[in-house]
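The form predicted on its own is given below as one chain in structure tokens.
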Amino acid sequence: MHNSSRRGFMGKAFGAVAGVGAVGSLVAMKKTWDPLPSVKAAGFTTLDMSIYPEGKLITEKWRGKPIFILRKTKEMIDSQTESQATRDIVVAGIHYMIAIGLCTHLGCIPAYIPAEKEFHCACHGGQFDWSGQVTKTPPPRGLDIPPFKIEGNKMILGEVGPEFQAMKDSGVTL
């Protein structure tokens, strides 16, 4: 009898040590999956939208990806269709096309042709209009819009604001 209670105690003690070790291992694994503080800090980019010239494509960088910013001209705004207008990002009353500058087909960087007001992807012949919508396949969808938040004249890339959430909910972007 005395031996059996000792055996039970040893089993429970071993189980408790194994449980603590398993929890410690899981906590350590979770910490390795979390991004480093330097990576988290690089996840946000603040842009002053008032500096971009009208009708000229400017490329910024966010998380190692090119971000196309095109401040739309009055002619662009007046001639756009309803589906093109849904992709507009309005900051302080100014309309912009902002998109991740990677083709949604295979990730090539499309070139902007100002005379045609189009993006051409040289890899497989895909084309996008000045709002980022597909005009010639093979790209399966328009240029993706990065997560953003608008604060006055500034835009914060990498943070989800109500404007981006509304675009995502309506299916304009992923």
Partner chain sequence: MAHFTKATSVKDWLNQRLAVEKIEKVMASEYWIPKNINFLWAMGMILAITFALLLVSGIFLLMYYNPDVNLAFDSVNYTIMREVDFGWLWRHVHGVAASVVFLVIYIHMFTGIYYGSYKKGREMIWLSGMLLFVTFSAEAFSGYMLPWGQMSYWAGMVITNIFSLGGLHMDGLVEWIRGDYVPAQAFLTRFFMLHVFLLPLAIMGLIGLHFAALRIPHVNNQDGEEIDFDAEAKKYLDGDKAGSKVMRFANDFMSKDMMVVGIYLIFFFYLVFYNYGFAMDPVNFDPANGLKTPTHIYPEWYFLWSYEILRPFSINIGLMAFGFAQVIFMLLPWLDRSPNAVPASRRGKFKIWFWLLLVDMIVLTAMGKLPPQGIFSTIGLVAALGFIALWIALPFITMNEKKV
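These numbers come from a predicted model, not from an experiment. Numbering follows the first chain given and starts at 1. We call the rigid core whatever largest set of C-alpha positions still superposes within 1.5 Å between the two forms.
Heads up, the form predicted in complex with the partner chain isn't pictured, but that's what we're talking about next.
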| property | result |
| --- | --- |
| Residue 55 within 4.5 Å of the partner chain in the model of the complex, heavy atoms | no |
| Proximity of residue 104 to the partner chain in the model of the complex, heavy atoms at 4.5 Å | yes |
| 4.5 Å heavy atom contact, residue 113 and the partner chain in the model of the complex | no |
| Partner contacts for 94-130, taking the partner chain in the model of the complex and a 4.5 Å heavy atom cut-off | 102, 104, 105, 106, 107, 108, 109, 122, 123, 124, 125 |
| Exceeds or equals 2 Å, Cα of residue 115 between the shown form and the other one, core fit | no |
| Core-aligned CA displacement of residue 27 at least 2 Å between the shown form and the other one | yes |
